[in-house]
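Read the single chain below, which is given as structure tokens and is the form predicted alone.
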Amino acid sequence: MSIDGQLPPKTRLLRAAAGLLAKSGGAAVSTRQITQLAGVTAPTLYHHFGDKEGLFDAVVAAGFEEYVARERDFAPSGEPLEDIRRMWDQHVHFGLKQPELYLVMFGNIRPESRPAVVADAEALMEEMLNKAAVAGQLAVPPKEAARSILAANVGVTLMLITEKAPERNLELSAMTRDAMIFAVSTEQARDSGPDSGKSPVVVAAIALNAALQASHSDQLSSSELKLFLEWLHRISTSSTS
């Protein structure tokens, strides 16, 4: 790995840290390794980022900003589930175009430690799924749907990154994407038959819950709204038909 010496020192530090973290295999990355690769001195790192952990935080923050820009880089189609498909494809494209950065963001997972970037990515997907819920298209609450879809999205992307570029089967990504969206949508409930899917009452509760969360309604007091949302949540997460 080489870094263009004409780039600003701050940029070189960010690229050096991202590259070393991605290739570390979980091992510690030293300040000396980073500064040597970036072609700067340790005081330069401290000047821009405070310390090594500050630099690592900046690497993830910069990566997430680019990730968010890509996820939002299209005009909503008016079909929320179709937009989720496009978000999935953008996610995979981002990972394959910048695998080292992606591995820093989503690949360095430790047991019982939930990275903030994962929670933020789920919130971004939940925002779009909330629109699908309001439209009566979800058979599970948006938060649950977002966690399931993002988990599959990350898993597929990591798998594709490990494969040689000519051998990557992007059709597998599309198949997994459509299967996950089908699993959380009301299409699944309809196709499974009346005895196996979510009832219309549950779907309606999910839709109303999502609409109230998004509208910040002032027609109810805060305590009334809280109680109403709690009831809707119970119905939304009910497994009975």
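These numbers come from a predicted model, not from an experiment. One-based numbering along the sequence shown.
Omitted here: the form predicted together with the DNA. The next part is about that form.
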- Query: Is the DNA in the model of the complex near all of Ala152, Ser173 and Phe182, within 4.5 Å of a heavy atom of each?
  - Reply: no
Using 4.5 Å between non-hydrogen atoms, is Ala61 touching the DNA in the model of the complex? no
Open item on the list: Does any part of Arg177 reach within 4.5 Å of the DNA in the model of the complex? Heavy atoms only, please.
Closed with: no
(Q) Test of understanding: in the model of the complex, would Asp51 fall inside 4.5 Å of the DNA by heavy atoms? (A) yes
Could you confirm whether Leu37 comes within 4.5 Å of the DNA in the model of the complex, counting heavy atoms only? no
In sequence order, the residues of 34-48 that place a heavy atom within 4.5 Å of the DNA in the model of the complex are Gly39, Val40, Thr41, Ala42, Pro43, Thr44, Tyr46, His47, His48
The CA atoms of Tyr102 and Arg12 move 3 Å or more in the model of the complex, ending up farther
Assert for Gly95-Glu53 (C-alpha, 3 Å or more) in the model of the complex vs reference form: pair closer
